[in-house]
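Structure 1 and structure 2 below are the same protein chain in two forms, each given by itself as structure tokens.
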Structure 1
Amino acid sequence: MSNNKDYVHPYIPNSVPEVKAKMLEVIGVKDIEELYDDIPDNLRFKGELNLPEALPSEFSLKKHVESILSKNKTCQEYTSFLGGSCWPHYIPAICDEINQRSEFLTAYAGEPYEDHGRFQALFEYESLMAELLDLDVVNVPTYDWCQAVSTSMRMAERITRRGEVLVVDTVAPDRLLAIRNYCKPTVKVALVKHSPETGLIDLDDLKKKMSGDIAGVYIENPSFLGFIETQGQEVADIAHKNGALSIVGVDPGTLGVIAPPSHYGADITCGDIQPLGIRMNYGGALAGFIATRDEEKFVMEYPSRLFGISKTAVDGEWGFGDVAYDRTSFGVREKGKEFIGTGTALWGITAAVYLSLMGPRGMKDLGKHIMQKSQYAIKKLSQIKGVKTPRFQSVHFKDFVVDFNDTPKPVSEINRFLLDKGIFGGRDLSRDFPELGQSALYCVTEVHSQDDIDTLVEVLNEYL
């Protein structure tokens, strides 16, 4: 950046010297440095930042930025076996077509009388998700699964008036960090062990840690590590016996082939709608959901907006609007249970388009397709010398752990080799789950062809 005080920056407002001088005059300051007098001198940077010269030409700037962006590698160029809560799925063209329409893409904080269609679209999203989850109430999407589960725990704390939650220790590491941060200091978070053989929650450890202070028990199904938790009803029974709520995090893309959490005792179901027609976009677009039964004790503890349908003053006409608006921070501000700001409603509308397109049969076919492909990948990978998969003796959906401990290479080196071959390998678990040693979390969905899987196996065979 040029040090010339008379330099006019084409992309920085009010950089014309005369304009800056007039602004300083109006606020009664002789030099811009006076605005920083409150910062202690020893904390102020001395010297010049090591920055390149400015690019005054729009053409030069565009060329420079494009050269940086060209370094990115996408899943269109590479085959990706990365999963772990943000998965590669096929996105029907109609999802992008609808969510880019101006009435949805640019709509923000409108009301029914001025914003025709958006409230109805979100009501339809809630209705479709409620059918998929077999529950009554679904909220307008939160930021992501992390916020959805954290809010679910805060809801459980307010409902039960208890101050602790139990979380299975196979939870996604980033979600656990968010949970601890979001719940502090109101809710204490404790972990429950899993079985080293099956990965399933250790019911004995759960029973041991239950007490009159527990507000809720949280499990994920499928788990972050990919296996299906078959003890959901037992977990719910233990929680309910002790006066706590059962909270289950779920991938909605599984619900065409796996029973929803409401069928095995879950009081609050949460998760992320990213698998429902939403692109990964370098780690997210993500959008969390929360769902419960239509009971006042649950509904009144949702901090986020809920849209319903009701008769209007015009005979035979129906309208869409907020349900119990006063319970939100929009209605009561500082007295709100939690603060809710900008949501991810656009992704809710996208998910509604996807679910409408798929229908019950489509979701069933999708689930079967993913399970068949992932089982094929597991079978082929397990035939590589030194490779063990799945690491856990359980049924898996699309994610599964591949154990490389008996091979001569660490996961980090394996992934570098795969990258050179145009493949994103599985997520390295050695830091987050050190007890698994050199293991990686792989993901297979409907977008992976048999050739993709066979190529992965061939390349790994070559390297190992």
Structure 2
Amino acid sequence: MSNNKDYVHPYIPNSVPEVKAKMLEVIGVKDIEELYDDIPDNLRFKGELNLPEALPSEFSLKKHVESILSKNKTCQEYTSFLGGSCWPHYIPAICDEINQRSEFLTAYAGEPYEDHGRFQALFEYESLMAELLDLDVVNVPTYDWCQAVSTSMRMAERITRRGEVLVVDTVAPDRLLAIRNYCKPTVKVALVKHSPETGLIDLDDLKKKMSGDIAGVYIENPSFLGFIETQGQEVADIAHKNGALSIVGVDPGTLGVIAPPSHYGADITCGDIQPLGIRMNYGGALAGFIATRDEEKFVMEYPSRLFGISKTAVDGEWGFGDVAYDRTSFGVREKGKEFIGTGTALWGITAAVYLSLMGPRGMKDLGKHIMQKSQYAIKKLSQIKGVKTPRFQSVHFKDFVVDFNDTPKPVSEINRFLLDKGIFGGRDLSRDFPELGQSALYCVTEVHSQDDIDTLVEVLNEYL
């Protein structure tokens, strides 16, 4: 890199010595060092940061990063049956086209004038999700489902002025940990049992644990373990009878064919929009939504940005802006509802593109396709000797538990064998759900072909 020795880095234009000299002259100092005169000597970092040698040429940088990434094996190279809160779905080309647009990608916090498009796109995201959920209020997306459900619980706490929430014990393990942390120390979290046969929430246990202290009851649909919870209305009735709220986490990708939580009594609906046009990105591209009815007591408890539609000084022009800004911590710091900052807006826009493309027919077709595929996979897998699936006697959407307890091999060994055959087997549940023994969570969506499923079955047959 000898010719680059005294380079001006392409990202730092004013490193050009002549420019620097001109600017320093205006400032009235001889050296940039003088601008740091407020930093005492004992706080100055002496010497050079010990970081790898720079790769200022774009070519070298690309080679370097590609060489690291080439150590990964992707779900394109392998057939993956992993799901459970980060799912493989087909991504329409236009989703990537839009979320790579410079204007959206590099905008941040402009006003509703120069960033009119940002406000409108996110308003449309809220509006499209609202149709899917059949609710009138949806937030600008937060980090992920973990945050969305945690905030839903704190909203319930504030609305009911009660200090405990009940959570069904089939909840995703990550979410339970996040809920516990976010609720601590002011909201207690207690678990409600599920039926060992069907997986559904145990209504007797729920009734037993209900009291005047309960702010909300949380269930998921489909559950983390994949089955459709059919007792949503009963759960909501029990909660409401006791003055508590019903909170339901839902996979929005199911809602073309399955009833949204608002149809069975949910007061707060939450979940993740990753299945709506967003790539898996090693679990790093999640985005959480929260939705409610359009009632002041709910709206005023959101910590999130809520973009609303309005008119302008010119007839026929749409304008957009922040609804009830003064409830946020941006408006009133610690007196606001929880906190707000950078969320996951770009994924919200991506989901808006996805839902616009899919329309009602697309969402319905998707739901049907996935249910056919997963039922086919369940049927075929259950024919393997010793394999029981679904583990729970319920209807499943795209995730389902495969029970290997009656086979001679533990899941870890089965998965190692599958890996050698180019297959990522289902998630080993033995640590998070020890009561299920040697079981794994498999996922099948529209990206799996019949051949993918048949091959999995063949390989398992061969091994077991």
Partner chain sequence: MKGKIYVEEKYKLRENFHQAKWDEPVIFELHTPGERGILVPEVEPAIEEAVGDGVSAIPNNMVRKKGPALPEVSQMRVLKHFLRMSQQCLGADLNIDIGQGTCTVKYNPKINEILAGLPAATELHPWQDESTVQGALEIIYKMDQFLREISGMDRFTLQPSSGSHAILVMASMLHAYHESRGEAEKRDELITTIFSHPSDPAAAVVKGYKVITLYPGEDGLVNIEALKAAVSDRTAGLFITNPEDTGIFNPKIAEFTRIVREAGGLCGYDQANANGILGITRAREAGFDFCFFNLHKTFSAPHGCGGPGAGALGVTKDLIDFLPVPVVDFDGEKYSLNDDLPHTIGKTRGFYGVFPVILKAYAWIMSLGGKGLKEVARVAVMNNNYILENIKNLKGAASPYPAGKHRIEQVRYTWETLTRDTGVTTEDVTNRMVDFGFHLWASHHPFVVPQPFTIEPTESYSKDEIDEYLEGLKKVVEEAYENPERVKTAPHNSVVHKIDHSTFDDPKKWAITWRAYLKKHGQEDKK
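For numbering, take structure 1's sequence and count from 1. Heads up, when I say rigid core I mean the largest set of C-alphas that superpose within 1.5 Å between the two forms. For clarity, every value in this text was computed on a predicted model and none was experimentally measured.
Colleague: Which structure would you label as the form predicted on its own, 1 or 2?
Modeller: Structure 1, not 2.
Colleague: After superposition on the rigid core, does the Cα atom of Y90 shift by at least 2 Å between structure 1 and structure 2?
Modeller: No, because once the rigid core is superposed, the C-alpha of Y90 moves less than 2 Å between structure 1 and structure 2.
Colleague: Does superposing the core leave P410 with a CA shift of 2 Å or more between structure 1 and structure 2?
Modeller: Moves: no, less than 2 Å.
Colleague: Cα of V395 displaced 2 Å or more between structure 1 and structure 2, core superposed?
Modeller: No, the C-alpha moves less than 2 Å.
Colleague: Can you give me the Cα shift for K22 between structure 1 and structure 2? Core-superposed, in angstrom, one decimal please.
Modeller: Its C-alpha position differs by 20.9 Å.
Colleague: For V314, give the CA shift between structure 1 and structure 2 in Å, the superposition being done on the rigid core.
Modeller: A shift of 3.1 Å.
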